[in-house]
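Shown below, as C-alpha cells, is a lone chain in the form predicted on its own; questions about how it binds or moves come after it.
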Amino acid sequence: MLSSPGSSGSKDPAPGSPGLTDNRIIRIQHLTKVFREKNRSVTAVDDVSLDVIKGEIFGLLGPNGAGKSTIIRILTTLLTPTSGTAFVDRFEITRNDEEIRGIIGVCPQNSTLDVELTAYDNLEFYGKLLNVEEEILHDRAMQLLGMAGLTDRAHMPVRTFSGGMKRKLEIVRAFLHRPLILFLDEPTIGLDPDSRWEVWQQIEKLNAEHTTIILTTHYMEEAEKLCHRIAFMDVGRLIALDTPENHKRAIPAGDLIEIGFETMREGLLPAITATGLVKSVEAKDNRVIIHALNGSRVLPALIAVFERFSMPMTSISIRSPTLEDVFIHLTGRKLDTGSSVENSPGGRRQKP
C-alpha cells in the first residue's frame, strides 16, 4: 500500500549534522563482508561503522572495488554480512528483510527497464509489483513522469529514450511507493553533462520530499553538489566521514594560488615565505605555485611582494581544495585511476 513517510511529523534534520543521533535512519555497526572463492578470499567491506541521518543525502565515495556497492547490497537485503550488522529504520537487516524492502527504493547501477514498454507501462507494472493501490497508481505514475520531465513521452516506448531520460525514469520508478530511503547506485554513470545535471535536479526534488537518499558515486562534483555528508571508502574501509566543506578544510596545504610571471627575480620565493602567510611556495614553468589557507585573504600580500620586486604578473588564479584533493590527501592516489601521486601535499597514504 502506498504510504507517505513525510506524514510522521518528524523534524527535518539540519543538513550535515552528525550529532543528531536520535534522528538516525541507518545504523551500520562493524559491518564486514568477505567473499570466498576456492582457495582465496576477498574482503569487500572491512569493519565499517557509520550512521545516516534522516532526510540527508549521504554520499559513499571511492574507486571501483572500494566496497560502496557491497554496502548498498547489504542494506537492501540482497547480501548478508559476514559479521557485524545494520539497521534500516528500526529493522535489522538479517531478521527483517521483508519490512526493509517495503520502506526502501533502489535504483541499481545497471538498467532494469523494459525498453519495449512505454514509460507509463514501466511505472504501472512496477507499481503493481509493489502493491500500490489501483485507484491511486495512475495519478502517482503521471505525477512522477511530470517530475522527470517525461509527461509528453509517457506513452512512447522506452527504447526511443536517450540515456538521460531512461535514467530519470528509473529513479522516479524507485520512488513510486514513496519510500523512506532511496538508494542510488552510480545514478549518472555514462551520461553526458546535460543529462547528469537533469538527474541532479531530480535527486534534489526527491530529497525535498523528506526522502533520505544514499548515493554511491565516483564523480567528485556530483557528491559536492548533492551530498550533505560524504563517507570516503577505500579497499573496503571507511577512511573519512564529514561534510564536504569539513573534508576540504582538513587538507593542511589549503588553497592553491598560481601567479604567472615573465622573468624571475632572485629572492622572490624567500620573500613570499617570509610573509608567514603561506604553507609552501615553488617556481615552475614561469609560475609561482603557492599553498595557503584562505587564499583570497593572502593574495593582497602576495601582490605586494611582486610589486616590491618589480615583477609584472601575467596571470593569477586561486583554486580551493576539491574532494579529489581530499582523496589524494587521504590515500596518496587519484580516485579515478588509483595511481599513486608523487610529491603532492599529503600524498603519502595514511592509515585510517
Partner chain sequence: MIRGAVAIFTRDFKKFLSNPFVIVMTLFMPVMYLLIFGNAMGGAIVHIPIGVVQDQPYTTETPLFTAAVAQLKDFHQPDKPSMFDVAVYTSEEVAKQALSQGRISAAVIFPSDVSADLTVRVYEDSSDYMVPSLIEGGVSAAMTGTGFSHPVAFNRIYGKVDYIQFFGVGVIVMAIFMTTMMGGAFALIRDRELGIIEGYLVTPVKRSSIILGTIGSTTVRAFLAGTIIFIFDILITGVVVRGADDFLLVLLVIFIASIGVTSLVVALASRFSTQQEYASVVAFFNLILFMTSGAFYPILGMPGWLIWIALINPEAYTVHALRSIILRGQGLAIIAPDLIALGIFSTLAIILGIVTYRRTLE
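Residue numbers count along the first chain shown, from 1. Every value quoted in this text rests on a predicted model; they were computed, and no experiment measured them.
Although not depicted, the form predicted in complex with the partner chain is the subject of the following passage.
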property: Residue among 264, 78, 274, 208 with a heavy atom within 4.5 Å of the partner chain in the predicted bound form; result: 78
property: Heavy atom within 4.5 Å of the partner chain in the predicted bound form - the one residue of 221, 204, 152, 114 that qualifies; result: 114
property: Which of 186-194, 254-262, 223-231, 106-114 sits within 4.5 Å of the partner chain in the predicted bound form, heavy atom basis; result: 106-114
property: 4.5 Å heavy atom contact with the partner chain in the predicted bound form for all of 73, 101 and 130; result: yes
property: Interface membership of residue 120, the partner chain in the predicted bound form, 4.5 Å heavy atom rule; result: no
property: Close approach of residue 126 to the partner chain in the predicted bound form, 4.5 Å, heavy atom; result: yes
